[in-house]
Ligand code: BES
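Take a look at this one chain, the form predicted alone, written out in structure tokens.
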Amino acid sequence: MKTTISLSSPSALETESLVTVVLDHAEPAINEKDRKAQLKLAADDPALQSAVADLLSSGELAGKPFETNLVHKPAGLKAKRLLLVSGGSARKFSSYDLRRLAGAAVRTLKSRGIRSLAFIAPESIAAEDAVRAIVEGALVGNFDPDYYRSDRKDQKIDEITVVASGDKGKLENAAREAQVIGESQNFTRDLVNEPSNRMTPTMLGERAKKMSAEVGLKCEVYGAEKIKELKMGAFWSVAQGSDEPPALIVMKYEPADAPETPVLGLVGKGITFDTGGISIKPAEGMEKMKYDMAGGATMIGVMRAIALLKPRIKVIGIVCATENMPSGKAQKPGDVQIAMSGKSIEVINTDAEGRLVLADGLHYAKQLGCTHLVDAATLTGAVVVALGYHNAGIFTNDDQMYERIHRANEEAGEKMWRLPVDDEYKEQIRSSIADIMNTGGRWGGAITAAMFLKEFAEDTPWIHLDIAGTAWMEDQKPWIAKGPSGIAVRSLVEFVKDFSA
């Protein structure tokens, strides 16, 4: 999608469709039934205001978030159409809402066969922030996952113009950065969307290598022999049950002007299909388990964005990719595995496999010189029980790391919530025959999974993101298609930028 910045008056802009935000300026009422909407455009253009004055005063618009109204041949404007998108209350409106409205506008217009639009940046939000939100939101809204439908319609927005005021050079830089991040998020979504027969561990490694070559990253993809040579017993214990060979994907971003430290390690769970192994999952919904490599795909997408944005910091991305399959070769409940770190693990449940591959990935990242660690994984159903489908779970052993990721979340407009990793939870994963068990039982399952990973991060500052409830959109929303979300790409890019500042 081509992105341009315009400093022109909105009413003078020739476009297939001009998009403007409508906000409700009514004060809160004790009884919401008594509250009457006071709708105003978030754009100060007299011709534009005049074109919609009657509509806004008609009482026909409720002003609820994501309400859309399309006006053809708006009087006094050069645009062929004018799309009004409601952002709800003006008091609460933020760049988070603007990002989603941009996605909603794109999805509304492309479904009508429209190929280009101009979006007016609301004046209540700083211009550069507004540009970023609009471009990122538009790119996310432009993605659809129906690749394999033979009757798929060619519906997409080819070009977006953001109408804003300010320093055009700075606004264009903001748009370019947002385009890199939005495209990287969609790249992640593309990887996650592929079915497991079209995204095996080998294929995921090939996609990572191809991407790395295009953007200038170093990338090595290792197979079973290297995994065994490195004594990654936890990783191999999951891989041994599948006929598909595993892949250890290592991507390095090492700019010449970066200091020796810190070195960030981004570790992703890459289970390209998860049956649960011998502890097999129920058949219902298992087809969704192609998304169990979303953490690994996230780190590949983040590395793409980093390579293009060029922050002054060394970053190593590691993805441990395999299938988790039941077979005569598969590990069994009760087996004891020796991780790369030397810790012994009693495998209580073979469906708690993500933490096994991450255990070796985290230790390997430290061996490669990483001083700070972040892992991302669709790790537990328990995090969905705790936080639902709206927030990812954050776990960390370092308060400064949390402050950084929290700032990054707010900048990126992604919702995540911190959960504890107190020592009391470690009791639940103590084993009577090994160092630890790979599951701590039903209660606090997301936390005990994080405690397991903490054993391998040890004293290295570390963040664990459990994205099991947020990596897949269960239903289509006005701003995003049903399917992979690309959660955490934007936050992790902001996190890396903060480290390099």
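Predicted model only: the values in this text are computed from it and were never measured. Numbers for residues come from their place in the sequence shown, where the first is 1.
The same protein has a further form, the form predicted together with the ligand, not shown here; the description that follows concerns it.
**Student:** Counting any non-hydrogen atom inside 4.5 Å, which residue from 395, 253, 119, 291 sits next to the ligand in the predicted complex?
**Tutor:** Going through each option in turn, the one that passes is 291.
**Student:** Looking at 408, 114, 382, 307, which is the one with a non-hydrogen atom within 4.5 Å of the ligand in the predicted complex?
**Tutor:** Contact with the ligand in the predicted complex is made by 382 alone.
**Student:** Would residue 211 count as touching the ligand in the predicted complex under a 4.5 Å heavy atom rule?
**Tutor:** The answer is no: residue 211 has no heavy atom within 4.5 Å of the ligand.
**Student:** Should residue 349 be counted as a contact of the ligand in the predicted complex, where contact means heavy atoms within 4.5 Å?
**Tutor:** Yes, residue 349 lies within 4.5 Å of the ligand in the predicted complex.
**Student:** Residue-level question: is residue 468 within 4.5 Å of the ligand in the predicted complex, judged on heavy atoms?
**Tutor:** Taking the distances in the predicted complex, the answer for residue 468 is yes, it comes within 4.5 Å of the ligand.
**Student:** Taking heavy atoms only, is residue 322 within 4.5 angstroms of the ligand in the predicted complex?
**Tutor:** Residue 322: no, not in contact with the ligand in the predicted complex.
**Student:** Which of 148-156, 396-404, 281-289, 245-253 has heavy atoms within 4.5 Å of the ligand in the predicted complex?
**Tutor:** Of the options given, it is 281-289.
**Student:** Does the trio 360, 366 and 455 actually contact the ligand in the predicted complex, every residue with a heavy atom within 4.5 Å?
**Tutor:** Zero of three within 4.5 Å in the predicted complex.
**Student:** Taking the ligand in the predicted complex, which residues along 257-272 bring a heavy atom to within 4.5 Å of it?
**Tutor:** Contacting residue: only 269.
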